[in-house]
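Each of the two blocks below gives one form of the same protein chain as structure tokens; they are labelled structure 1 and structure 2.
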Structure 1
């Protein structure tokens, strides 16, 4: 099974990717995680990508495509199937992915678009609190720490990331609508798109996704 999850930040793509990995044995391919691995390993691609990231710029399509193609072509991904999160973000990336998978004889099975109103997403993300030591994530309303300002797991201090502040979230949503929404239309025209209501609880969303892909 080869899937793409598309949706704005905070809509639950990461949660659904994790469930598909745990319960269906797929390999999750997060563009952000792959970037970090390449950068940490100081590969040629990682160093090139880091030049743009360190300056607050988007990594060019050709660099992103080459980095993702390298990971998609690895044996564990080809054997288990994958769920893509965070890629493709643009039409050129989507076209390059189609060409890559066609050459491999492994076309996409489904593209799942998870959506929710912007204000719902702002409310979800603006309450997030992270641990500076272990990375555990809390939420001011849905999953508060037992002690204010301290992590339950490691006693590390908690903080709110700059990009989890309301104004930053709205800016990220605007970028998504402008840059990534056309990708949704692209896959809709190809008959691969399935729309899922991200306002539902994670288990319900998962059941809908699995039901639609017949897994």
Structure 2
């Protein structure tokens, strides 16, 4: 199964990817997560990416495409198939991915577009908390951890993302509407698109996705 999860920031792509990994054994690649690991490791790529991410801007296409092409090309990822979360999110990225997968003879099976209104997005991002160790995603009101500041799963310390500040959230939403919405239409024209209502609770969204992709 080769799948893309696409949608606005905070709609639940990471939450659904985690469920697909935990319950369906799928392999996910999140461009945002990969960038955040590079930032934590203070690599050159991390330093470059951080200049954009902290402001809610996109990392330049060439940098993102090169990084993701390398990951996707890795054999273990290809064998099991993959779920892409957060990539592609511009038309040049979508075209580069098409070319890469067609060279590999491994075309996409489906693109799942999760949607919700901007108001819901802002509420979700404003309360998000993540685990620094295992990546589990919580929400201050909707999904609070059992102990404040600590992960239920691994006891790791929890943190708030730098790009979940109000101005960065606004910038990310605007970029989504300008640059990522056209990517959704692009896959619609190719007949690969499944639309999923992301306003529902995470378990319901998960059931719908599993039904759509037949996992």
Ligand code: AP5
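Residue numbers count along the first chain shown, from 1. The term rigid core refers to the maximal set of C-alpha atoms that superpose within 1.5 Å between the two forms. Quick caveat, the model's predicted, so the values are computed rather than measured.
As for origin, structure 2 is the form predicted together with BIS(adenosine)-5'-pentaphosphate (AP5) and structure 1 is not.
For residue 178, the Cα coordinates differ by under 2 angstroms between the two structures after the core has been superposed. Superposition on the rigid core between the two structures places the CA atom of residue 44 2 Å or more away from its counterpart.
The Cα position of residue 153 differs by 2 Å or more between the two structures after fitting on the rigid core. Fit the two forms on the rigid core and the C-alpha of residue 35 turns out 2.8 Å off between the two structures. The two forms line up on their rigid core, and residue 143 then has its Cα shifted by 4.0 Å between the two structures.
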